[in-house]
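Below you will find one chain, with nothing else, as structure tokens; this is the form predicted on its own, and questions on how it binds or moves follow later.
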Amino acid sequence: MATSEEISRTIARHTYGTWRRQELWKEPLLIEDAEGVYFFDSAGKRYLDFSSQMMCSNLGHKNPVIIEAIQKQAEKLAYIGPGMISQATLEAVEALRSILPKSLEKFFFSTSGTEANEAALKIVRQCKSPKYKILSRYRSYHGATPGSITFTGDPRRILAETARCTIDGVRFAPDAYCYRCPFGLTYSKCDIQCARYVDYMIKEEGNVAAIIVEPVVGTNGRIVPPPEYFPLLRSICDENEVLLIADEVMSGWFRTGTALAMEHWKVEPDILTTAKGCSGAYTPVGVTVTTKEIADFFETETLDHGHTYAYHPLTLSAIPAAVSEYKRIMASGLPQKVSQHLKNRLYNLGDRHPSIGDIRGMGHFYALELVKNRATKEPFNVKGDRFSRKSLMTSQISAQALKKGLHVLAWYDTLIIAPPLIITEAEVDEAIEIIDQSLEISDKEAVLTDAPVSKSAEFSKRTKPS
């Protein structure tokens, strides 16, 4: 029997590691088991999953309700083509409609968030033709296919552009990023310029069909906008007849405390895309859902989209079970209680570690942005460093945490705090203790100043413009 090291090397030799140079894909960690908020490697070592894998295992591992639903569907009907229908489709639609805004009523099911956003792109460009431009934001990630990577703002788009794997007609708007305001302004005296500039862009660009946004930015910073941002953006879209697409692939599924993050601002999009948590990551499924107005266009026009695994009954079978589990867990009050404890513990970390510049987020979705100097906000690394050969400070801390038994993902400037909704206060404390120890690496290179840690999201949520 092959050893775990031999298995790891064989897999690395014959598979591509994602989003990395292949020289860094030599001995990936072999995982044998997972349960609750923990997973276990081939040597039996336990790791606390503090980022829910890829911000998708919102319900933790080995949920028996979801597993049973998948097993029953596999025994009954594992696959049927998208030109036919199954009971699994009806049950998925009904489950989703029980928690989504009533204005969203027509669905397309795929197998990932990337595909959900690619479907949204096609739908927009067909129903808004001849308008075709899509606005996005620089601090964003929307997928890996040519369309979705083009309206991604993070470093992966830059590589895709170099490889000529992008489309035309995408423009980038400023971010609602209070900690590093692109206009150099301060909330609440900024008049929400980050939203108002979108109106200027639409009018000057012309041919703008839609804007796509992550309500709370995912990989690129867990950025929470000021309270006025989305109501203002909604009115700008309506005034200019531009569709608003909400990418809730990461921010949805109670990760921020509500079923959808957009609920915090009482704003409904024209198109919603989601994936990841909608099945608890137990099956690969993506969802694109539109208003009736958009759906009516396709009554007499061809929807030019589809693929073999659209409406796959096995993937859809996890959705109703996941929805029922979300309702049960939220009704228990555990996530609400633990999210407050998580916030308090993170704020405590910020008060004690000079390398933490900003703490922001909501619910079970937070960022620790690391800086060399709190007073000047000088970062350890910038966007261009992500795929260079420079050592990333966040990656060093993440690697140290993993050695100590904690899985916490890192981007080039932030640590991604996104535990499963089933995590307890004691398990949060276990994770925070390891992060506390690991941050000694960045503290050694940080400049000591009297500047306090920023809590930009908390500030923007509580303060109203004068």
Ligand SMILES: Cc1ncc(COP(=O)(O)O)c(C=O)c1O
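One-based numbering along the sequence shown. Remember, it's a predicted structure, so these values are computed and weren't measured experimentally.
FYI, the form predicted in complex with this ligand isn't displayed, but the following is about it.
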item: Region of this chain that lies against this ligand in the predicted complex, out of 371 to 379, 308 to 316, 139 to 147, 183 to 191 [heavy atom, 4.5 Å]; value: 139 to 147
item: 4.5 Å heavy atom contact, T89 to this ligand in the predicted complex; value: no
item: Any non-hydrogen atom of N117 within 4.5 angstroms of this ligand in the predicted complex; value: yes
item: Contact test in the predicted complex: S112 vs this ligand, heavy atoms, 4.5 Å; value: yes
item: is_contact(K276, this ligand) in the predicted complex, heavy atom dist at most 4.5 Å; value: yes
item: Contact assignment for this ligand in the predicted complex, among V249, A261, V289, A321, heavy atom within 4.5 Å; value: V249
item: Stretch 56 to 71 - residues with a heavy atom within 4.5 Å of this ligand in the predicted complex; value: none
